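The chain below stands alone and is given as structure tokens, in the form predicted on its own.
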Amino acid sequence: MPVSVKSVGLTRIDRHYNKGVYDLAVEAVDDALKDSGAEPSYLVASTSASLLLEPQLDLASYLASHLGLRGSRALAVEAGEASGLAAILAGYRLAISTGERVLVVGVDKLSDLPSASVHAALKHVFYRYGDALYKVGHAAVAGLLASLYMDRFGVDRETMSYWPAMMHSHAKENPYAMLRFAVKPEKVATAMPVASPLTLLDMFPLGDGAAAVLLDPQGGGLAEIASVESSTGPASIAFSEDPLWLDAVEESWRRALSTAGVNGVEVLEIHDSYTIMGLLILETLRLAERGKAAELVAEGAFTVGGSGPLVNASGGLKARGHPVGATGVYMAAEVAMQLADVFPGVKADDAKTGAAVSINGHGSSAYTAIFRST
């Protein structure tokens, strides 16, 4: 059953030192509800890192109070980096089962503590009795994956550098993006090393943000959600038969396309916390042959005028930013705006279908939402 994205509200992702979680959420919700008519009956709130950095249990009910939605039904959703799309899934199912409007809000703050503390907290998206036991973080694992990818498929560092360059090219046109400046491919490999062969320009920035999406089972609005599906994957890449293939992404994508009754999409937002993750997702979705995604990007694919769907017109996690618990809600809002031709940045040409794909860590879970134009 389709559910419409009635309206959306976004804050620019940045280091909002003068705003807290509630301030950001209120800003996004006020924008989403300003022309929406009746108030929602349900509130679904997603957050992730803030639960560790700025501890607050029962966030959804306190957020409802700040939003002036006392008496509403509120619940919180947490699924690590995939929390935002997990909340969209919960909101979508609620809208179908109740026939009432559901407000989905994603919010997270990463800027109030030193970066080392934030990255230490983000290790908790790993399995507690697996990868989290070791003194390596996301960047180290991403670096190992990138090295394996380059060795197995003969991909050079320069070719991989076209992905972050494309993300920055998209983000500079997006008023909600954190890193709104261009980057030349040749600058990526020579930037500050993070985890060889990856550099600072291969990874997401630490920023704060909030996004709100109003779901309405009565139709109308920006776009329709045709399906939202999910899947779980290995608890660690050490348990994967092939760490360069994301099983949960493959299965959630297959389920979502099947449920929606479509074969592909024209607009796509994917989880590219590191360059290698963006490339692996493209290949897992079979939008590129294995080992060929970087080459296709270097040749101009996945952007306006190139082959394939328009991917991460927002700038992706790499340049739009990755306020962890809010990211999936940003993705949903961005795809809906693309299909309504109101996205304020790089636009697809008359797109009718779109999708958002979000994962936690390196594939312990994945969520896919499919959208249609109204």
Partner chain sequence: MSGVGGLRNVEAWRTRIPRYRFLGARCKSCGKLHYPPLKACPYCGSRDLEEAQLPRQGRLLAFTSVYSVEEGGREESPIFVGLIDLGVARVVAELTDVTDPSRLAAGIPVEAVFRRISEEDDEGVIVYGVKFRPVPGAGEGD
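Numbering follows the first chain given and starts at 1. On a predicted model such as this, the values are computed, not experimentally measured, just so you know.
There is another form of this protein, the form predicted in complex with the partner chain, and it is not shown here; the text below is about that form.
Should Y129 be counted as a contact of the partner chain in the predicted complex, where contact means heavy atoms within 4.5 Å?
-> Taking the distances in the predicted complex, the answer for Y129 is yes, it comes within 4.5 Å of the partner chain.
P205 near the partner chain in the predicted complex, any heavy atom under 4.5 Å?
-> No.
Find out whether any non-hydrogen atom of T98 is located within 4.5 angstroms of the partner chain in the predicted complex, and reply yes or no.
-> Although the partner chain is absent here, T98 would stay clear of it in the predicted complex, with no heavy atoms inside 4.5 Å.
Though only this chain appears here, would W245 touch the partner chain in the predicted complex if you measure heavy atom gaps against 4.5 Å?
-> W245: no contact with the partner chain in the predicted complex.
Among G9, D35 and S169, does every residue place a heavy atom within 4.5 Å of the partner chain in the predicted complex?
-> Checking in the predicted complex: none of G9, D35 and S169 is within 4.5 Å of the partner chain.
Interface stretch in the predicted complex with the partner chain - options 220 to 228, 175 to 183, 190 to 198, 100 to 108, non-hydrogen atom within 4.5 Å = Flagged stretch: 190 to 198.
Have a look at A74, L296, M150, A121 for me and say which one sits with a heavy atom within 4.5 Å of the partner chain in the predicted complex.
-> Contact check passes for A121.
Which residues from 238 to 271 come close to the partner chain in the predicted complex, meaning a heavy atom within 4.5 Å?
-> Contacting residues: A238, F239, S240, E241, P243.
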